[in-house]
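In structure tokens, the next block holds one chain alone, the form predicted alone.
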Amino acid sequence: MKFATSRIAAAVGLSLTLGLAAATVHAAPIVVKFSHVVAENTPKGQGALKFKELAEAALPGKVEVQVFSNSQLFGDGKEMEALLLGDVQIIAPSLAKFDRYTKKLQIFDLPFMFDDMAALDRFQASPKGQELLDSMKSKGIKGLAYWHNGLKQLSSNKDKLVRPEDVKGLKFRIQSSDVLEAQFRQLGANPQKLAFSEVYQALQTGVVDGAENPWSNIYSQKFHEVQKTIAITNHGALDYMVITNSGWWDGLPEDVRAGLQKAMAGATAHANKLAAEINDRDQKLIAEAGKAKIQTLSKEDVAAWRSALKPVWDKFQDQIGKDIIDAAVASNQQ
């Protein structure tokens, strides 16, 4: 009898121990690793820190957001694999890097697709734009938000950069994107795929003659010091999609998922406002530096660029989807 009683007591004790252990495990915060490849003082870097601040404030004790900037955790080439393996929970790659997962996001690389950032915002907030956030779910990728960098300007080491014929035969650095490659080939220029870290030296030594970048990239990387001319073309957008592992996201408790989504909305507004402010500031700083001539294009000049590049739309229409292109065009008309 004593033996039976002692066994029951031991079982109760074990049960209590396991219960306490389970409670401790349950109480441990969910760790969210947010990895990115840029500096903390960029719009993306500040957006990530704002997300940490808002998420931990909304879900005290339930989540811990760890931000890793400057490729501390994973570099450009490894971050997607890390996300899919569950080694990191959130990343924010450039939209140009998704064409191996879906061709639909090539909409953002089409030249002169959006008249301005307001049109881009309208499209991204539209039903079609929001659908694109889920366009890679079958590959295990869930889009959470769009973050801005800015509209791209064209730069070169030549004195004249006004009409499409001015870039014929020149070498331009591009991101790894079929649309961007087609864009420069359509102009009779030679696209060269280079890592972002290699661009300054390539421009300085003449390995490439020019590039396309938002003002913030041009200024922060000092591209204006090794280019003669920057034309205000606003011919394309350089944006990011903040993404997560869809399996991980769907497996979160409902209240945690809702809290993280709300924090992401706040971080997105913060990052996008900052991107606009930084691009305006950096355009002025480049002008004040006086090292590269900033060229303003007339309506006729812009029309010539648009006309020269329109065949690129036709080339990728079937891959992207006419419905998506039509929705993007409609965003310019509001």
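Throughout, we count residues from 1 along the sequence that is shown. It should be emphasised that the depicted structure is a prediction, and the values quoted were computed from it without experimental measurement. Throughout, rigid core stands for the largest set of C-alpha atoms superposing within 1.5 Å between the two forms.
Keep in mind that the form predicted in complex with a small molecule is not shown, yet the notes after this line are about it.
- Mapping the unseen interface onto this chain, Asp76 counts among the residues with a heavy atom inside 4.5 Å of the small molecule in the model of the complex.
- In the model of the complex, the small molecule sits beyond 4.5 Å of every heavy atom of Trp249.
- Looking at Arg173, you'd find a heavy atom of it within 4.5 angstroms of the small molecule in the model of the complex.
- The shortest heavy atom separation between Val37 and the small molecule in the model of the complex is within 4.5 Å.
- Of the candidates Gln124, Gln89, Asn217, Gln227, Asn217 is the one whose heavy atoms come within 4.5 Å of the small molecule in the model of the complex; the others do not.
- Checked against the small molecule in the model of the complex, the candidates Lys103, Lys222, Lys97, Lys139 yield a single residue with a heavy atom inside 4.5 Å, and that residue is Lys97.
- At a distance of at most 4.5 angstroms from the small molecule in the model of the complex, none of the three residues Leu120, Tyr146 and Thr268 contributes a non-hydrogen atom.
- Only one of 108-116, 209-217, 163-171, 251-259 places residue heavy atoms within 4.5 angstroms of the small molecule in the model of the complex, namely 209-217.
- In the core-superposed comparison between the shown form and the other one, Ala289 has its Cα shifted by less than 2 Å.
- In the core-superposed comparison between the shown form and the other one, Thr268 has its Cα shifted by less than 2 Å.
- The Cα shift for Ala303 between the shown form and the other one, taken after rigid core superposition, is smaller than 2 angstroms.
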